[in-house]
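In structure tokens, the next block holds one chain alone, the form predicted alone.
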Amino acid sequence: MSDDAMEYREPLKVKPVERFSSSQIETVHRASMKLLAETGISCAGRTASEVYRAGGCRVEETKKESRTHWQVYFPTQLVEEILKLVPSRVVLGARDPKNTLLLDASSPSVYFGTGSEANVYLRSQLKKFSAEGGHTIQYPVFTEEPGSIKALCESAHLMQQLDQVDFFIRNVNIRDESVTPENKDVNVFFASLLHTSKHVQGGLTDPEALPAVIRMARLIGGGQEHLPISFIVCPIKSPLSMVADSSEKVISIARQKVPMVISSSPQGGSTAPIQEEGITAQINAEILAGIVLAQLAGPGAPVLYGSVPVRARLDTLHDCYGAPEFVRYAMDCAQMARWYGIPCYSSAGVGDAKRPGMQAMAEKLYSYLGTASAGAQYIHYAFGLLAGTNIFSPLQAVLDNASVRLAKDILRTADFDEEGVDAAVQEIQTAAAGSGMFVRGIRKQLRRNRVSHPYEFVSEDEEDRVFAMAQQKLDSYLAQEAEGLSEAVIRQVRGQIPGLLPIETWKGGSL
């Protein structure tokens, strides 16, 4: 089946907001080319340096702290020619074909999903507390626990049921004693694929695990053309340095022609300039260096422009996700990616709040609106994250699902119908001459999906019951049976993929 004949999960279509003018975009591009041509990238990987040299870059061997590095210089014409090889459309498959995603750089159609590998899993349950006047209120009590396979499985099971989640990126760092660097990758991907039929994306701890993970995905995908998985690689250590093992991952994945995010995450104010034109020029150069490596290793390899810039807190130099600059940087990078014709992977829905509440809601909703309005095709970090990317809260994920729905209703493009204006005039005239009510026309607009959803957790009385209602919904989601994989597929995977942990390790699914 050709990609044009396939059905895809419905995205949010927006008219992109652009912070930079076309001349400013070209100025940023020239600045990035100047950095790549004159300063270059310090590369710690011998294999990557050889790929760059063979592709036409100037490579000079040097020493850094008694270790060999290679300074790679990129001719501007070479970069611009290589960028023509990058596919403008990337298809991300799914266990359930209805969840297949189409990322088209020419179409600002937006998908939202999870992200990060949070170290803390934040469980919650409702408790009753006494209030003034003899009243009682319900409020969640939180318990922190380290990330585990069972927590990852539970999270994937929840994300399967949240209707605004379009894809799943492993969002819990599994830290079980039985998990090793050698078996972590196969277990992360198996846990994810077992509990969600949406597209699954993740990083690789061990490059040697790549063949096994791809083989597992083919078995679970059941012969579909597009694999239900893709990868994230961050080969850059800002500013302008490339990490050895990550560069090898880029090369290996590109040669397999499996979709991959090439990301960079400079911190404005510490590892990059804090002003948006400066950090955009730097991160653009860093991402392009990674994309060039991928295309030299596997011409035509499907890649996403992975922009994850953050801002430094000026008192501690920790990541600051709640600052407006975080959103501005993301919007700028989405515009750069569209200018190059490459689908954009971006960030929204993460802030600095450590617990669900007003701060979390404000930080998240503003970033959903900003980043999505820029037309970034693939937005991660959007569900459940707190304290930057260190905590994952299932309760917050349920709240975020409602917020993303609101953001989508605000941002969707106008469904303007020329004939509808004449119909509206007639409707107004009829109502003005009669009851003054427009109830009869509502059904038609409901059928056309032109009426937005109210906020999901509105209380009927004066008490704010948002947390209580969200917790009740979370409990109902987690109590549902997981669809899982068939026993036959599970047996096949376990028989062919080494390193999977014993059956009793897993929770849910059909085990």
Partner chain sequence: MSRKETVRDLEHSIIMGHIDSDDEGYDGMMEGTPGTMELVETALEEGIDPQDILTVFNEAMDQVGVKFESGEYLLPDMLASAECVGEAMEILEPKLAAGSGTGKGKFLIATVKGDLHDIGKNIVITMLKGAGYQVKDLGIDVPADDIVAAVREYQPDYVGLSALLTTTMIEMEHVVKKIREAGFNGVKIFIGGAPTSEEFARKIGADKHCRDAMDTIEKIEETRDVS
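These figures come from a predicted structure and were not determined experimentally. Residue numbers count along the first chain shown, from 1.
Below, we refer to the form predicted in complex with the partner chain, which is not included among the displayed structures.
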query: Contact stretch among 263-271, 357-365, 96-104, 425-433 - heavy atom within 4.5 Å of the partner chain in the predicted complex; finding: 263-271
query: In the predicted complex, the one of Thr136, Thr143, Thr316, Thr413 near the partner chain [non-hydrogen atom within 4.5 angstroms]; finding: Thr316
query: Proximity to the partner chain in the predicted complex, single hit among Gln71, Asn173, Ser252, Gln164 (heavy atom within 4.5 Å); finding: Asn173
query: Non-hydrogen atom within 4.5 angstroms of the partner chain in the predicted complex for each of Glu65, Asn119 and Val243; finding: yes
query: Contact flag, Lys237 vs the partner chain in the predicted complex, heavy atom cut 4.5 Å; finding: yes
